[in-house]
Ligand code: ADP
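In the block that follows, a single chain appears as structure tokens, in the form predicted on its own.
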């Protein structure tokens, strides 16, 4: 697939198997091992879904031991819930909520996990020159897709002055201090990826080597679906069920960000959930972005930042990053890909 190949389609949803919405059934296959009783043990697929972190999480694992698989999946879901309680700014008892309450007043001692997430977020903010910035929360609360709320220019202008990741002070003693009283941080652009990564780590700790963790389109996978590699579909944003193509991976993460995920339309304009930190307004430089990366937290943050940057600047950045590939669709519906994206991507020939 050429880097600037033109399609009259846009990227939207990441789907498993043969098309969007087909998630439950994986490929059947031959016996994969021998049972403890000496007979054949057939590999089975266990799938569980649960609402967590404001989205639907789906975990699929391949195992010849149903009890082991069930225990691993349950532990992974509990881990996601633990992460949510730790890093969600919507929960008043979370560490990040306390950091926001003490903005401009004092540094807050936090645990190693939140510190590591914020530290990575600051690094990604610098890498993307502020296109990804967790202090977007200083303005993000003004927008509401669900309530169809668009803030006034005056409101945006006032809160925009408080967005700047360089106001986050990290100390080796694991404290976080927001230097400006009105600055707020939110990990909505990276936290879900961290939750996916933690779930994957728990599965592997339980001996699971073939799995998919899907947190509302933030995907981490490893191994294969019994008899062939996992297939991640890239679907059409405006035509339900139509695929742009499929990604074939045996390990790593795939994350998609787009203007189709949460949005409403008013007076011919589409208002969605991705905010450009440099303006405080809805980002308009892209329609959708899909990122392949070694882990979901990195892919999650990059997907947001690349969306804000737009195709040209996004792909310049991607070409500098080892192990990262991306597909970016601009407002003109042209599909742009990084130099190595094609080795994983099978275009739809229909």
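Numbering follows the first chain given and starts at 1. Fair warning: this is a prediction, and the values are worked out from it, not measured in the lab.
From this point on, the text means the form predicted in complex with this ligand, which you will not see here.
> Would residue 277 show up as a contact with this ligand in the predicted complex if we use heavy atoms at 4.5 Å?
Output for residue 277 is yes: heavy atoms within 4.5 Å of this ligand.
> Hey, in the predicted complex, does residue 211 get a heavy atom within 4.5 angstroms of this ligand?
Contact with this ligand, no.
> Check residue 131 for me: does it contact this ligand in the predicted complex (non-hydrogen atoms, 4.5 angstroms)?
Answer yes; at least one heavy atom of residue 131 falls within 4.5 Å of this ligand in the predicted complex.
> Using a 4.5 angstroms cut-off on non-hydrogen atoms, would residue 141 count as touching this ligand in the predicted complex?
Looking in the predicted complex, residue contacts with this ligand do not include residue 141, since no heavy atom lies within 4.5 Å.
> Just one of 59-67, 315-323, 298-306, 44-52 has heavy atoms within 4.5 Å of this ligand in the predicted complex; which?
That would be 298-306.
> State the residue from 164, 84, 261, 95 whose non-hydrogen atoms include one within 4.5 Å of this ligand in the predicted complex.
Of the candidates 164, 84, 261, 95, 261 is the one lying within 4.5 Å of this ligand in the predicted complex.
> Output the sequence-ordered list of residues from 187-216 with at least one heavy atom within 4.5 Å of this ligand in the predicted complex.
Contacts from 187-216: 188, 189, 192.
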